[in-house]
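Coming up is one lone chain in structure tokens, specifically the form predicted alone.
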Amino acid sequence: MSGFWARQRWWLGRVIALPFQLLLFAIIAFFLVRLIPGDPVLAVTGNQVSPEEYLAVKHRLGLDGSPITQLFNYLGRLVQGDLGESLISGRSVFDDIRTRLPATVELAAMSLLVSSILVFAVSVLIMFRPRNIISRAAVAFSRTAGSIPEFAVAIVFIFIFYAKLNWLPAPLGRLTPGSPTPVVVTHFPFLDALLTGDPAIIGSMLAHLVMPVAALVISISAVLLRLLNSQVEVEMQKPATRFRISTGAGIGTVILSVYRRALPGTVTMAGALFGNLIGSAVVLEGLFSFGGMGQYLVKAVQSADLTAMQGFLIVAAALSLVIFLLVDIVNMMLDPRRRPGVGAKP
């Protein structure tokens, strides 16, 4: 058993730590949302309420008792997978998030996938054709890393491609008004559209995704490209790369060797950016009327719906922790020297 643990602890340890990390974040989220101004009792009852009615509603919402008592009650439900009920609508927070979050995650994941493919392709072009006009433009673009807000890009896209040129549809949802709605199977809108097999639905949804996905891709590609380029330049000068080139290794072997050693830093950054993409997607969903987690979170904050806000933060934290776990596993598969207990060679 000890031998098995020694061989597998590079990923098992991270899996075991996940519930404890999530528990710690749940405690932080519990107190954090209570710092937000607003009284959920008044949001439910209105300002005209007697002291007796106020206390009765407060008890019904589970907001009476000390904060510690409320915390333990919340954690007790959480370990059973219960995120509670919305203080305003009375609906299950888990059900609300389950139907809305996949759309937000899908938008972020599509943007990260497109960005990763473009960054890798452009990076290879820069490696072999550094004086190419595209390579030079890409290098110049990478220097803008972190300075391009996605919502500003999205607004420019709407103004140019919808308002002026009318090349893309109005930012009024994921489908053109009047289009048939795909049957909900997975709650991932584009995946459900693909499962319908209807070209009209797929085409309409793709057209509506162009601007938000492009805005997110532009906002993160500069960061990824700059990091990957710098890592590739370093690895190209390493003795291992020079040795492979001098021995006549094929171009594919050289590229594989260089990128296997250069990618871990970029993969880590991509994992960190995915959390930012979720937040950015929430903003863009409101701008493009997509109706995912953006609208849900805004309503929760406006109405001081503590349970809904806590549920969103917990799910977002769980998603981020899983992403970072996958990032660690991918990096340690790319470079086994990163595994615990393995000394990195110079």
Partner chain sequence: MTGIAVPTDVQEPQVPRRGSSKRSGRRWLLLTPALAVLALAIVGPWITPYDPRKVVARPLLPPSGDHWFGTDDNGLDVFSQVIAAARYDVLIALGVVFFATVGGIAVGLAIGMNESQGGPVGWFARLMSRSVDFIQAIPSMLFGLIAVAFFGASTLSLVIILAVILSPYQIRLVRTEVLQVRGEAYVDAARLAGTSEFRLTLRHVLPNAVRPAMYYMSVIFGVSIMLLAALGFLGVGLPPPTPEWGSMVSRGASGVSSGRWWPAAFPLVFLMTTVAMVALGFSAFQRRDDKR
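Residue numbers count along the first chain shown, from 1. Every value quoted in this text rests on a predicted model; they were computed, and no experiment measured them.
Below, we turn to the form predicted together with its partner chain, even though it does not appear here.
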Is it true that 33, 147 and 324 each have at least one non-hydrogen atom within 4.5 Å of its partner chain in the predicted bound form?
-> yes
With heavy atoms only and a cut-off of 4.5 Å, decide whether residue 259 touches its partner chain in the predicted bound form.
-> no
Using heavy atoms and a 4.5 Å limit, would one call residue 155 a contact residue for its partner chain in the predicted bound form?
-> yes
Even though its partner chain is not shown here, does residue 312 get within 4.5 Å of it in the predicted bound form, heavy atoms only?
-> yes
With a 4.5 Å heavy atom cut-off, would you call residue 41 a contact of its partner chain in the predicted bound form?
-> no
318, 287, 49, 57 - the one with a heavy atom within 4.5 Å of its partner chain in the predicted bound form | 287
If you check 167, 243, 159, 128 against its partner chain in the predicted bound form, which one has a heavy atom within 4.5 Å?
-> 159
From the candidate stretches 106 to 114, 270 to 278, 188 to 196, 81 to 89, select the single one in contact with its partner chain in the predicted bound form, where contact means a heavy atom within 4.5 Å.
-> 270 to 278
